[in-house]
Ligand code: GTQ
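One chain follows as structure tokens, the form predicted on its own.
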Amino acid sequence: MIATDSVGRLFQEAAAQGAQPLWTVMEGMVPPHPEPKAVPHVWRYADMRPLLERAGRLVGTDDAERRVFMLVNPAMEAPHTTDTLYAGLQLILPGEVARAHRHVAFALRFIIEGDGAYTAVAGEKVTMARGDVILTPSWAYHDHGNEGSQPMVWLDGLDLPVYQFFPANFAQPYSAERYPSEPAPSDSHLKFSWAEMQARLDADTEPYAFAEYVHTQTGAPVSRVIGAAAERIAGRCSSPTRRETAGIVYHVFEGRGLTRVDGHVLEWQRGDTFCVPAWAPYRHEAARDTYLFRFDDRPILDAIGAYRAEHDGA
């Protein structure tokens, strides 16, 4: 035993061996409650739409394989909209084609405006209309095209931030601009129409309704990492107060109101997108009849046993 031994010397010699004492950082490693880095935030479509329009004039598809503005959480860096989710607004103009590629990350698209465009996924040419949800499974070749007369804008949702922890994501271009495809069948598992989702929500007579998108082939969530759902809140009513270990991205399909998130007030209207960080208490309050689309990371949390939720009355 060295007489001059000390805790400081112990730490110094451990560091020389590439080791550190856990007990000095235990609370940070295993905190008493979830501590997401993301903060609540709203991206207003009235502010974002002119930027997309300018990008359409200034940046061609030869310069940008995907003309997208990432929605970056103000407390984090790209690609983080929340700690685990990425969202972006993509624009494609009439006559344009966003060339084919594939990537490990899963993607979904929620169509915000326009009609007459398509996403061709693994040989299925899926037409898109406002409110549709389009799936792009992992490693499926896909391209986008606009055969209509108006610009198309949609919300991209991907699990890209997950791959900051798992360095397994990469992309591969296809040898041609478009991947060979045929019109998708009417019951394609890659497309969910808004009309069907709204009918499900409206069938619930309560002031607040919630319905999940379910993969038509597996009966499971739409992907192994990302889940999706929609909510209806009657005018001058509110949702329950909830908190979940899931991070959530919301898009306002129709309506106007606000969401109270852990002391923050996010005011929103049609076209806006906002985020709710993990474990932050939140409640929607609708000024008029409102429909919200959401995607979250619940499936991967369920898979690892980390999903928790609390709500009014629980």
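From a predicted model like this one, the values you see are computed outputs, not experimental measurements. Each residue number is its position in the shown sequence, starting from 1.
Separately, the form predicted together with this ligand exists; it is not shown, and the next lines address it.
Taking a 4.5 Å heavy atom cutoff to this ligand in the predicted bound form, the contact residue among V39, V68, A287, M48 is V68.
Interface residue among K125, K191, H103, H80, judged by heavy atoms within 4.5 Å of this ligand in the predicted bound form: H103.
In the predicted bound form, this ligand stays beyond 4.5 Å of every heavy atom belonging to F110. Although the partner is absent here, M152 sits far enough away that none of its heavy atoms falls within 4.5 Å of this ligand in the predicted bound form.
Remark: I233 does not count among the residues lining this ligand in the predicted bound form, judged by a heavy atom distance of 4.5 Å or less.
Although the partner is absent here, T241 is not a contact residue: none of its heavy atoms lies within 4.5 angstroms of this ligand in the predicted bound form.
Only one segment in the set 208-216, 177-185, 83-91, 193-201 has residues whose heavy atoms sit within 4.5 Å of this ligand in the predicted bound form; it is 83-91.
Taking a 4.5 Å heavy atom cutoff to this ligand in the predicted bound form, the contacting residues in 128-158 are H142, H144, D156, L158.
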